[in-house]
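Quick setup: one chain, the form predicted alone, written in structure tokens, and binding and motion questions come after.
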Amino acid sequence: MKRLIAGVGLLAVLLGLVSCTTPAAPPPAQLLILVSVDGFRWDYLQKYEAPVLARLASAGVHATRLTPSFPTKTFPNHYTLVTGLYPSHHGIVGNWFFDPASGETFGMSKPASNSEERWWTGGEPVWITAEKQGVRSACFFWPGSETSHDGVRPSFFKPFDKKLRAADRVAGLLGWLALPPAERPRFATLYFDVVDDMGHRHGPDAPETAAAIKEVDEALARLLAGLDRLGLGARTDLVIVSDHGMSEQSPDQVIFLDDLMKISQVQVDSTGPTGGVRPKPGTVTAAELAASIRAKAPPQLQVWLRDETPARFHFRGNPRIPDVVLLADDHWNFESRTGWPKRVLTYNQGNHGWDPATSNMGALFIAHGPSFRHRVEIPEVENIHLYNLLCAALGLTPAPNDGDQRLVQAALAK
């Protein structure tokens, strides 16, 4: 009997030693937060002080560069990030675009464009995928989050309020996460636009842009501290992305459409780094218009018919894309002379919208939390693959999309 007791005691000691020397497995994630830092260029982590972002990138999974979709604009890429579809497939083909089916123009700052479902039916965002599969979601700002999809909405959402500072956005999200577990969302989005704003106004190298990055970094510190207070810190997955980068621009590098075509014969859908025109009925064909523009265009401007754009852009087929697509070289823009003397006085010093392969258009990707690998840097990856990663981390079956499993395989813990 004494030997039996001694044996049991020895076994208990050995088990105790094992429990002390074997690291405890991380608790399963209870929450996934998708954070967008609009306009955060891929190299800002090295260029500016952002200790929280740098720590999360170092400890988790960090892509050298997240490649945006064409056009490298805010609304198309935010919707690509959450649907896994190229803009030509989900239909949000620009921040501003003309829809021939309705004869109306979508505008990112128009309340109706953000709240009317008809604009957003080309894709299923991840919060709708979640709700359909019994996972509560919350959107503290994100393009497309203010509308329903076949009668389904996120459990919580807030209409965009540009005046709300980064810290207040964090506080609002934490308020939702403080709800009882049965009511609390398991997936949430959070959106910051101050880095994009300052990059536009002052350029990517400006001290104002550095200050905006500091503001967002401090807001993320508040988010992490708030999650810890709620007992969710160790069980939260964070995916932090941006939609595009930022490049310098100058009014001295502008091509005027009036010098390339008869403005009276065209409808100008949009201008800037990229955009396009359509011939008005009874004037010329799209092919004739494209040929006449090419004949006069400087070398800094590329001209294509809609279905002749480079295959790598995946920007064909959708009638919301202009008949003639224009793309300027990095740092260059095309504009109309109408109203130019007034616009030039407040011309932004930074912009985006250029070729996604352009270095300055590269975006940010960080994944951190119990569902993801640790201390891993992965190569450049396209943003169409993010939706499948979000679904995998949440245990959801994704809707059909243009992405594949490469980001899942690279970032998700085995």
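When you see a residue number, it is the position in the sequence shown, counting from 1. Quantities reported herein were computed from a predicted structural model and do not represent experimental measurements.
Heads up, the form predicted together with a small molecule isn't pictured, but that's what we're talking about next.
Per the 4.5 Å heavy atom criterion, the small molecule in the predicted complex is contacted by stretch 67-75, the sole one of 255-263, 67-75, 301-309, 131-139. In terms of contact with the small molecule in the predicted complex, the residue from E146, D269, E335, E124 that brings a heavy atom within 4.5 Å is E146. Residue in contact with the small molecule in the predicted complex (any heavy atom within 4.5 Å), chosen from A211, A221, M108, A178: M108.
Proximity of F156 to the small molecule in the predicted complex: non-hydrogen atoms within 4.5 Å are absent; the residue sits far from the partner. Taking non-hydrogen atoms only, H200 approaches the small molecule to within 4.5 angstroms in the predicted complex. The small molecule in the predicted complex comes within 4.5 Å of no heavy atom belonging to K296. Taking the partner from elsewhere, R229 is found to have every heavy atom lying beyond 4.5 Å of the small molecule in the predicted complex.
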